[in-house]
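Before any questions on how it binds or moves, here is one chain, the form predicted alone, in structure tokens.
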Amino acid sequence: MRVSRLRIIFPVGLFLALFLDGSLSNVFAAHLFKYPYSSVLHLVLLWIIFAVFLDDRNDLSIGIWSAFAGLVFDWYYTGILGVYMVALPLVVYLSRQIKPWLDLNFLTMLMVYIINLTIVEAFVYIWYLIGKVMTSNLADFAVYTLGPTIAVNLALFVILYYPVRQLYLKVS
């Protein structure tokens, strides 16, 4: 039985994105986390959104891999298990539900990415509030975390859209 190249490319890219999330956040920490602002890189989420929309397979593998990547992300980066392990598969599910009604072009995927980024950040914010990990109010979260996070990840999306799209078209 021949294994699809996408079945290999997706997990490798996912864990590369997982590694780069932490590495780039560490390298650019002085710029990303300049008081009072906090920009969070979401390369894992970006890779997952690309996979959902550019991969024609409609199996559970993306959701399972995203849950596993979320567990590793929680375990290694946040120290609070469950946050990204739940948030990333939730994004996969929501994206798959809206995918049939969307045209797959740059602007549509950009808007879907912004919406999913907002969902993940809001989910993490609420999870941390419930767990009393932080005590920030909603306005501070929106201005000091969500806004800068969307801006940085928007730039990353614009830079990475064409190369990742070409990669998916080439291996599929």
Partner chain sequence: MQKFFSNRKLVIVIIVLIISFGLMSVSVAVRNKKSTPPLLQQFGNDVAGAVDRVIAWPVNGLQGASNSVSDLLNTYQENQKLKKQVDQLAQAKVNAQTATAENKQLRKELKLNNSLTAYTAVTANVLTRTPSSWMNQLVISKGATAGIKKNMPVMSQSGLIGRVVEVNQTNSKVELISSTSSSADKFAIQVTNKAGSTVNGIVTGYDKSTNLIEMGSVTSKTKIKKGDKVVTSGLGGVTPKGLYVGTVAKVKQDDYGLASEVEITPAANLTDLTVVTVAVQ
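On a predicted model such as this, the values are computed, not experimentally measured, just so you know. Residue numbers count along the first chain shown, from 1.
As for the form predicted in complex with the partner chain, it is not shown, yet the points below apply to it.
TODO: Report the stretch among 45-53, 22-30, 58-66, 107-115 that approaches the partner chain in the predicted bound form to within 4.5 Å, counting heavy atoms only.
DONE: Going through the listed ranges, the match is 22-30.
Open item on the list: Is residue 161 part of the interface with the partner chain in the predicted bound form - any heavy atom within 4.5 Å?
Closed with: No, residue 161 sits far enough from the partner chain in the predicted bound form that none of its heavy atoms falls within 4.5 Å.
Open item on the list: Would you classify residue 147 as touching the partner chain in the predicted bound form, given a 4.5 Å non-hydrogen atom cut-off?
Closed with: Contact check for residue 147: no, nothing within 4.5 Å of the partner chain in the predicted bound form.
TODO: Decide whether residue 102 counts as a contact residue for the partner chain in the predicted bound form under a heavy atom distance cut-off of 4.5 Å.
DONE: Taking the distances in the predicted bound form, the answer for residue 102 is no, it never comes within 4.5 Å of the partner chain.
Open item on the list: So in the predicted bound form, is the partner chain close enough to residue 155 to count as touching (4.5 Å, heavy atoms)?
Closed with: Although the partner chain is absent here, residue 155 would stay clear of it in the predicted bound form, with no heavy atoms inside 4.5 Å.
Open item on the list: Pick out the residues of 86-103 whose heavy atoms come within 4.5 Å of the partner chain in the predicted bound form.
Closed with: 86, 93, 94, 97 sit within 4.5 Å of the partner.
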